[in-house]
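Alright, two takes on the same chain below, each alone as structure tokens: structure 1 and structure 2.
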Structure 1
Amino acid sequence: MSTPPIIQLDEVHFTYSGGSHSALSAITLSIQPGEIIGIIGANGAGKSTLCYLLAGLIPSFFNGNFSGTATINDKEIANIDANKLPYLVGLVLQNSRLQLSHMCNTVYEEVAFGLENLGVPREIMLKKIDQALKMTGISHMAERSPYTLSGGEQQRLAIASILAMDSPVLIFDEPTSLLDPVGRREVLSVIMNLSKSGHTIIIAENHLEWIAEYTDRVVALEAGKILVQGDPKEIMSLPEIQSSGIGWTRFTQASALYLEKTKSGSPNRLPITLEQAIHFFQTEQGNHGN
């Protein structure tokens, strides 16, 4: 591609202080503006650490041994002033409780909190807060206390408070683990749509079908290293994806089991998404004449 990458990692290694093994090792990755990147990996493979690094929390919040280079907009991430970070990047934490400021009495104030610190003009601020509440489906609870929300409502609030700041790079660490399925579909569509307005989206998820359907590129991690990366609809049924502990969608599992039981030869690639699986089984059934 001709545009310069918005994020560039070269030979990044990171070991948490006191940690016995590297949390990230030899990570080289470039991300284009407007791309939607999925990060998958078994728990402990380094998904959250990669999110922290890209969000500028290493080394300011997580100390350790870092080598290599990591830049956003050609600026070394670790050197970016903490106050300036939100102009570049926002991170929704996996544990939504940790996202609460503990300074606010209402959902509305909580969403306003980050923006106020950015010194955004009032009119724009109000608009962004309303948008963020709406996108996450919590407008009706704006006046509620953040501490009496249900699990999923709290996660929606964590997402809203980051969306409101509208940083060009948005990173989500398992943002929908507590959302109901319809809510997950709505919130993820909103997030994915942000890429159309130029936002770069990086999303770590255990929900494989979502990653396959909605990301442009997936990066699979194993023990801190990039195991494989590419088009999710092509690579997510690779054997190493299964054996690294990431697992397969049930569509891939079903087709692998079918081939095993019918002792048919294996096709070039096992299906990953529903549409691919339908095609696979229709072709197979056609071949076998039942």
Structure 2
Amino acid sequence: MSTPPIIQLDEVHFTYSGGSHSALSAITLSIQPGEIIGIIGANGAGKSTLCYLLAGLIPSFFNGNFSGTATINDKEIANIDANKLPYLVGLVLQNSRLQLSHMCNTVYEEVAFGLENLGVPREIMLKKIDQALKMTGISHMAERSPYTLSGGEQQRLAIASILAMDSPVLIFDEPTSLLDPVGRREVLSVIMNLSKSGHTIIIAENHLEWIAEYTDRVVALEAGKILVQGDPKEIMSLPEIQSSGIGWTRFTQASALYLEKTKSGSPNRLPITLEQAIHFFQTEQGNHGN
């Protein structure tokens, strides 16, 4: 017997109030518990809107025209009590400062803020805070001011604040887009560790190499519609991924350029990761007797 999806979208359409065109159109998507889903698309393709929908913010918190069916754990998203939503799904935005309460003096207090507002008993709250700080690697920063942290550290704090709610689904809307390479590695490392702990991870991310390497499935958007979805190894080197404005990974680009210059026969599938690219070029050298 197959496991029922934790999130199910059927023929979802959404247009923001005052908008002249659909932000999402005919979106049908099933997400299984424990999956790592990558959402990719050019600017304006609908990545953030899809994240807001999956997080339960559409249609309740954004004005607009909504149609279709969207459920989390078989519950209609539109009918879920706002106080219960954080226990089902958590959303981490690309700008961590937007998620700070601006009412707390320390990292520890910031992680506690949401739990206190929901009336979580103190004994349970303390355990959840300590666990969230540990999982994100910021326990040693507990007494620091949130505003003295680096960008990567603040993003980990935002993740810890969401983690403390025990949401089984975690959604990340371009969480590394404002970070330097060090901060990006910090945050992506935390996300990978969370996936190993059984969370369902949905991440909209422009860092295509990471999406190609670590996600189970990729959903590619174009103009608010699903262009293609599937195993990243099978779809991320497709011509339509390149032509849609999403682009290819640098490894796919290098391999395609090599084939163009050498006029070699095209393989069944271009490489998308470093490991695949190494194998590709080793094979090409072998075929040419080098």
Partner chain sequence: MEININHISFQYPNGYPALRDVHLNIPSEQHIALIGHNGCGKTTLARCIKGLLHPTNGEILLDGKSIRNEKISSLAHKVGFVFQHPDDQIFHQTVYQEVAFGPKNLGMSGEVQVEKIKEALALTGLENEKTTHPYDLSLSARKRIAIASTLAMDTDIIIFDEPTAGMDHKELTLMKVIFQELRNKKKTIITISHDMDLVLEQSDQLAIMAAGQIVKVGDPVILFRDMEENFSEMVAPQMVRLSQRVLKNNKTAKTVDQFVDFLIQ
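Definition used throughout: the rigid core is the maximal C-alpha set that superposes within 1.5 Å between two forms. Residue numbering: structure 1 sequence, from 1. Here the structure is a predicted model, which is why all the values come from computation and not from measurement.
The form predicted alone corresponds to structure 2; structure 1 is the other form.
If you fit the rigid core between structure 1 and structure 2, you'll see the Cα of G90 move by less than 2 angstroms. After superposing the rigid core, the C-alpha of V107 moves by 2 Å or more between structure 1 and structure 2. The Cα position of L179 differs by 2 Å or more between structure 1 and structure 2 after fitting on the rigid core. Superposed on the rigid core, the forms differ at E153: its CA is offset by 3.5 Å between structure 1 and structure 2.
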